[in-house]
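Presented as structure tokens, the chain that follows is alone, the form predicted alone.
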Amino acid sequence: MSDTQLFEGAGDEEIRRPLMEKVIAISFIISVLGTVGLGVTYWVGGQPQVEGGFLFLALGGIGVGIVSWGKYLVPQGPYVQERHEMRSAPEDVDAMHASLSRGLGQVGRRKFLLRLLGGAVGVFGLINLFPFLRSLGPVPGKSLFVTNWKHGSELVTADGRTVLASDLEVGGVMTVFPKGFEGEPSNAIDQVILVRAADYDLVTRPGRETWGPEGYLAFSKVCTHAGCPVGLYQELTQQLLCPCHQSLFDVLTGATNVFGPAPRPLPQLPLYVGTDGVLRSQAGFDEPIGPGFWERGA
């Protein structure tokens, strides 16, 4: 088969090729739009049927474009050429020149299609990061520096019941929240473990002479090691235990860490008993709660 035979039917190809280039370009553009739609729908809350439709457009556009490219723009072959003398005939030289001329005219269009293909695949890959970014949750900002505890906050249980000074016997313990925030999504940072370690006022450290009325001591329940909930109280030793990594805190010395990986004591919440017998906070925490990331960043 001679080179001249390779270019037989070139007239039909000249008509079909620009049309298929447009089809391929439109396919990649549809893929990009479908991917953007998928990302926006997922980010604002998601809707499975709509997301499925956009995913079909995103992947289908890339698939149609690549298959069409391979079928209509890439030489199909196989080509067989009979042996002939090394010197090309004049008509073969003319045919090759014509082929090169057509190829140079297509270089710009091919670059455009390659950019569209790269854009479609790149945008789809970027949108695939959305689940990972969204699963990280909101940026904490300064949420660990400031809780909802303030002067006069009533101590309430998770179901909103007000805590009275007569509610716990010595050795009793419960989890409490500031009134009005017991049902909030952010109540994890507000949770406090309330312990009645005695039936008389307790002083855990100098400067905290009024913080433990009638033996009540309150500490942040967020462990200073990894943020796990400190939920166990050992009455005999008067220690709080974080069951996740076995950190122990001595309540009588201000929840000082006496064992385990916790790097610092649990922040203590100052309390007072109102005239109505309700336990309230004197103020918020005087230091950040939870793991000591703020110390490492200082």
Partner chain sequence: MNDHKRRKSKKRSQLSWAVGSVASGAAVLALATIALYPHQGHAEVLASAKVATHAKVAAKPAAHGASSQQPIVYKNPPRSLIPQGRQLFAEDCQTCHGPDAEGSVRAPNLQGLGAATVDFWVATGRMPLADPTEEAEIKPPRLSHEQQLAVSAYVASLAPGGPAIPSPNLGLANLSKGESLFAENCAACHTITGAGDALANNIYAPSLWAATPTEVAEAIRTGPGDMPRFGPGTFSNQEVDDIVRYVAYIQHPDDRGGLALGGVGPVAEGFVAILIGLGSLMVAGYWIGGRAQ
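Quantities reported herein were computed from a predicted structural model and do not represent experimental measurements. Positions refer to the first chain, counted from 1. Rigid core: the largest C-alpha set superposing within 1.5 Å between the two forms.
A second form of this protein, the form predicted together with the partner chain, is not displayed here; the remarks below concern that form.
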| query | finding |
| --- | --- |
| Interface residue in the predicted bound form among Leu232, Val36, Val273, Leu252, criterion: non-hydrogen atom within 4.5 angstroms of the partner chain | Leu232 |
| Contact residue in the predicted bound form, chosen from Val121, Ala158, Ala89, Ala198 - any heavy atom within 4.5 Å of the partner chain | Ala158 |
| Contact flag, Thr256 vs the partner chain in the predicted bound form, heavy atom cut 4.5 Å | no |
| In the predicted bound form, Gly215 touching the partner chain (heavy atom, 4.5 Å) | no |
| Interface membership of Phe112, the partner chain in the predicted bound form, 4.5 Å heavy atom rule | no |
| Proximity of Arg205 to the partner chain in the predicted bound form, heavy atoms at 4.5 Å | no |
| Residues in 235-257 with any heavy atom within 4.5 Å of the partner chain in the predicted bound form | Glu235, Leu236, Thr237, Gln239, Leu241, Pro243, Leu248 |
| Val23 C-alpha shift between the shown form and the other one of 2 Å or more, rigid core reference | yes |
| C-alpha of Leu38 off by 2 Å or more between the shown form and the other one on rigid core | yes |
| Cα displacement of Gly53 between the shown form and the other one reaching 2 Å, rigid core superposed | yes |
